Each structure stands twice: as structure tokens, then as C-alpha cells.
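Here's a solo chain for you in C-alpha cells, the form predicted alone.
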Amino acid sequence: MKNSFYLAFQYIWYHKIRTLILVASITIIIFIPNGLEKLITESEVRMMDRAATTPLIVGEKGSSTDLVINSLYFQDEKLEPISMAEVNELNSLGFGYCIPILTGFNARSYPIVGTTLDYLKFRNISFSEGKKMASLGDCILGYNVAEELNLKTGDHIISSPESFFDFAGVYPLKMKITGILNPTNTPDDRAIFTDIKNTWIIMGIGHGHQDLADESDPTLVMDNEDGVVTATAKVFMYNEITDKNKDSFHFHGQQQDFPVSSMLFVPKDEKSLTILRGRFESGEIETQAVVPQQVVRNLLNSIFRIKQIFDGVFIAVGFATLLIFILIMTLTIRLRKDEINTLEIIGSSRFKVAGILSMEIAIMFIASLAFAFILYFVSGYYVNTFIEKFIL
């Protein structure tokens, strides 16, 4: 056995390139199905955990999947908004309380989530540094946002314009960072939280500008009659809320008409949740309510069906690789005919020659298994990062 191993090892070491190609091929065939299984399993656990902790999501009628993906994972799914009036109406029923969420804006590719402080309490997220939002223009960073952008409390972050050619007069908002959250291993780590009023300002519903009451410049004031000032387009619009200008910020229209992407509903108890769902299903309440756990489960079932297709592909590719491997070994044996004859001449039996060839195959398969295990082990350190960036 020892001599067979020595001869086999020396042979495959001499033919390094061929051996490396064969080992790499077998390693990939072994690793990919197992790595994919690990990725999908971990994704399922993470997605279901977040969905299971959210009793109900309410939004405009449409795709329930888009509603859940937007509300739980802050993905850029376009939703028809509901109004604050519908949030207030649901709150007034006494079954629990609503947490409004307004998304659709980003800052340096990270989603801005307009909400209330109830969201942090509901998710049970604590601060690693800083404090809660105190006034307009404040924001809180998820742990990964602060780490990747190297930001700390007291710094500022600016919302990204939706378009470089924004003719609507909506300016990016410069927000002050008042706090940084502890890591949660959820999409909250990659989000920027701010008061929902700030997202309305980003939308252009609210704004601040210089005081025109005593202004006489005709390029700034179009009309000033009985204290009602009509401004021109030349008036400077603030894109940063400070102690000096925060009193100038105001909103156009009634707050009850302002948009909300969706709302998380937190019931008082299971009975309240059941009664409320019944009112939605009967059509008494016009918006739609979805149970995130059911929606995510249906989504994962679709993913598993896709995985089954991939598994079939990997089996076919693995079988083809095995056939190619057998072909290569068969051709190699034919090319090594003189070498095998020499071994037999010097006294090696056919059984001994077969043992040497089998040992070569065993060494390559064991090496492939070892490399596949190493890849599987190392990938475990990055699976959470991959899920957060590309799945959640």
C-alpha cells in the first residue's frame, strides 16, 4: 500500500496541470450543490424569522409579494401609496397600532426608510452610539451603513436625487446622523432611518425657504398683499435643516393626505388581529392586509422549485464530468502502456498495477473532497454578507 501510494503520488505530482484541472472540476461539482443548499437554507431561516416577527402588513391593493418585499427588506419595489388618513383610521379602531413606512429614496445606494420611533421599539433595536431622532433633519444609520461609509454620530449624509435632470424642484436633503444602531443581521443594518416627515420633504411636499415677509426684491417677491406673499422661482430652497432655518420648513396640504408606502400593524392580541383580518377580507376596509409569513413561504417554495431544477442540472453536469474523467483515465492508461509493461517486466502483478492506478484516482478524489470542504467552510463566513447584499 505504501509503495503504491508513493508511485501514484509521484505520477500525479509530475503531471501537475492535468491533475489540477481534474481536481478543480471534481471540487466544483461537489461544492456548488452543497454551497447552494447552505445559501438557500440560511436565506430561508433569515427571511422567515423576519416575516414571523411581523404580524400584518397593510398597503394599497396590488402585488402582496411586492408589498412584503418593500416593507420587510426595503427593496426598491414600486408601490401605490396609501394615505396617512388610512393609517389614522386603522389606529382609531383600537385593535393595536400602526407603524407607517415610506420608502423609495436612497442615500449613496442605501435605502432611506421614513417611519416613526415605534419602528425601533417594535424591532427591539438598540443603539451602539448616539441617540434617537429629535427633530427634522435627523437620521439614524444601520450598523453596516455606518461601517461601510465610515460615518459616525454628528456627521451628515445626503439623500440621492432620483434623476440628474430633476425639473420638479425637489432638492436632496442633507441629514444629520444622531445615532448608529447595533447590528441585527437583518435588512435594518443596511438602512437609513429618519422621521417620515423628512421623506415628505425629500419628496417636495414640505420645504423651507428664506423669510420673505420684509423682502422687497422684485426678483424674489411676485406679490405681497395683506401679508400673503407670492414668491418667484428665484427663492433659495434649503436642503439642510438647521436650528436657524427649521422654523421656515412647512408642508403644503393636509398631513392626512400625505403618502405612505405601507404600514406594519402591531395588534394588542391574537383576537384583535383575527377580527381586523376579517374586516379586511370582508371588504369593510379598502386597503389590503397580508400576513408576511404566508407570502414569504410561497416565495420560498418558488425558490425551492428553482433549486430542484439546478440540482438536476448539477447531477447531469456531474455525470458528464464523471464520464470525461473515465475517458481521460482510459486514454491515460493506453498512453502509459509501455510504462505498465515495464512494471510487469520488473515483477509487478496486474493486481499491483491496478492498485497503483486506483490509488491515483483515490488521491485526486480525496483532494477534491478536501478542497470542497475548505470552500464550504470558508463560504460560511461570507454567506451572511452575500444574503444581505444580494438576497435581503
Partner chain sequence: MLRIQNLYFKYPKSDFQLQIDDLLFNKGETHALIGPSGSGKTTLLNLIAGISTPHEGRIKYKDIEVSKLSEAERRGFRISRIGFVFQDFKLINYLNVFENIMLPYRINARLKIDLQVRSRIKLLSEYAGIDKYLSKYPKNLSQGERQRVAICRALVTQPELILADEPTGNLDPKNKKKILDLLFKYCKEEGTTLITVTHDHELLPDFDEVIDFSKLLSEDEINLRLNKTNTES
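Just so it is clear, the model here is predicted, and its values are computed rather than measured. Just so we're on the same page, rigid core means the largest C-alpha set that superposes within 1.5 Å between forms. Residue numbers count along the first chain shown, from 1.
There is also a form predicted in complex with the partner chain; it is not shown, and the following applies to it.
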Hey, in the model of the complex, is T330 touching the partner chain, heavy atoms inside 4.5 Å? no
Answer yes if any heavy atom of S348 is within 4.5 Å of a heavy atom of the partner chain in the model of the complex; otherwise answer no. yes
In the model of the complex, does I28 come within 4.5 Å of the partner chain, counting heavy atoms only? no
Partner contact for T41 in the model of the complex: the partner chain, 4.5 angstroms, heavy atom: no
Counting only non-hydrogen atoms, the one stretch of 332-340, 28-36, 55-63, 319-327 within 4.5 angstroms of the partner chain in the model of the complex is 332-340
Run the contact test on F265, F280 and S282 with a 4.5 Å heavy atom cut-off to the partner chain in the model of the complex and return yes or no. no
Suppose contact means any heavy atom within 4.5 Å; which members of 20-37 contact the partner chain in the model of the complex? none
Once you line up the core, how about E344: does its CA shift reach 2 Å between the shown form and the other one? yes
Relative to the superposed rigid core, does A52 relocate between the shown form and the other one - that is, does its Cα move 2 Å or more? no
Post core alignment: T332 C-alpha displaced by 2 Å or more between the shown form and the other one: yes
